[in-house]
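Next come C-alpha cells for two forms of one protein chain, structure 1 first, structure 2 second.
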Structure 1
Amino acid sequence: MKKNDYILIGILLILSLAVSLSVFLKGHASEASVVVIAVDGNAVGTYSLREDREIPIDNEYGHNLIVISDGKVFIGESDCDGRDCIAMGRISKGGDRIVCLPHRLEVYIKGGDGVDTVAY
C-alpha cells in the first residue's frame, strides 16, 4: 500500500463516520410539538414546547406552577405534600409525563416519536 491509499482510506472513514453520525442524530432528534395540561383527566391547556413560559394552575386541589423552558417542561412550584411532582424533573419527549396525584394534575407531551431506544 502506498501513501495515497492510506489517505483515501482515511477520507472514506471520515466520510462514513460523518454520514453515520448525521443519520443517527437526525433519527433521534425528533421534537415533540405540544405540552398538554390536564386536571381530573380534562385538558385545561395546550402549549407549544418551543415557547418559554410559566403557567400557574390554581384550582380546588391546590397550586402548581408549570414551567416550559429550553424545550423542556417541569413543575416549578407545588403546594402538595411530598412534592413528588417537582422531583420528577424535566421532560421533553413525546409520551413523557409528570403527574401530581394530590392535585389530580397531569402534564404530558403530545407529539414526537417517543422512542427511548433503538436496536439495530
Structure 2
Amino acid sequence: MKKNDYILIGILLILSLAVSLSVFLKGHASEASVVVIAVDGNAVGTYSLREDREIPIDNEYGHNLIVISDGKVFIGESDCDGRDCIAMGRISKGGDRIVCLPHRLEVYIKGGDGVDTVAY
C-alpha cells in the first residue's frame, strides 16, 4: 500500500462519516418515541412506540405488516422478494430504520411529542 492509498481512504471515510453524522444529528433531536411509516418518501402514518399494535400496509407494491410491541418495531409479514425487511429485525432507538426496498417502504423512529395517529 502506498501513501496515496491511505490519504484516499482517510478522505473517503471522513466524508462518509460527515454524511452519516449529519443525518443522525437531525433525527436525534429529543426523546425518540414516534414510529413513522413512509411509502415513496411520504409519511403515511405516525404511531406511538409505547402502544402495542399491528399496522398492515397494503398498496400497489404489496403487503407488509408492521408490528409495534414492547417498545420495539419490526416487520412481521411481507410478500416482497428476499424478505430482507423481516431479516432486519427489531428497532427501538431514535434514528433506527427498517427498509423494504421493493415496496418503497420505510419505518423509522423519530423523537418528538405530539403523536397523532393517522388513520387511512
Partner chain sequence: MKRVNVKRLCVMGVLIAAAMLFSYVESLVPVFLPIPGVRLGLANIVVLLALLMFKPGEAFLIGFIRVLLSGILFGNPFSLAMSCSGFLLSFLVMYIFKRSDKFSIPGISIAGGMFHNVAQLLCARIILSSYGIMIYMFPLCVVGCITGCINGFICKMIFERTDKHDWISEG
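Residue 1 is the first residue of structure 1, and the numbers go on in sequence order from there. By rigid core we mean the largest C-alpha set that fits within 1.5 Å across both forms. Everything numeric here is computed off the predicted structure, so don't read it as measured data.
| query | Is structure 1 or structure 2 the form predicted together with its partner chain? | reply | The form predicted together with its partner chain is shown as structure 2.
| Per-residue C-alpha change between structure 1 and structure 2, Ile9, threshold 2 Å, rigid core fit | Yes; that C-alpha moves by at least 2 Å between structure 1 and structure 2.
| task | Superpose the two forms on the rigid core, then give the C-alpha shift of Ala18 between structure 1 and structure 2 in Å. | result | With the cores aligned, its C-alpha sits 36.9 Å away.
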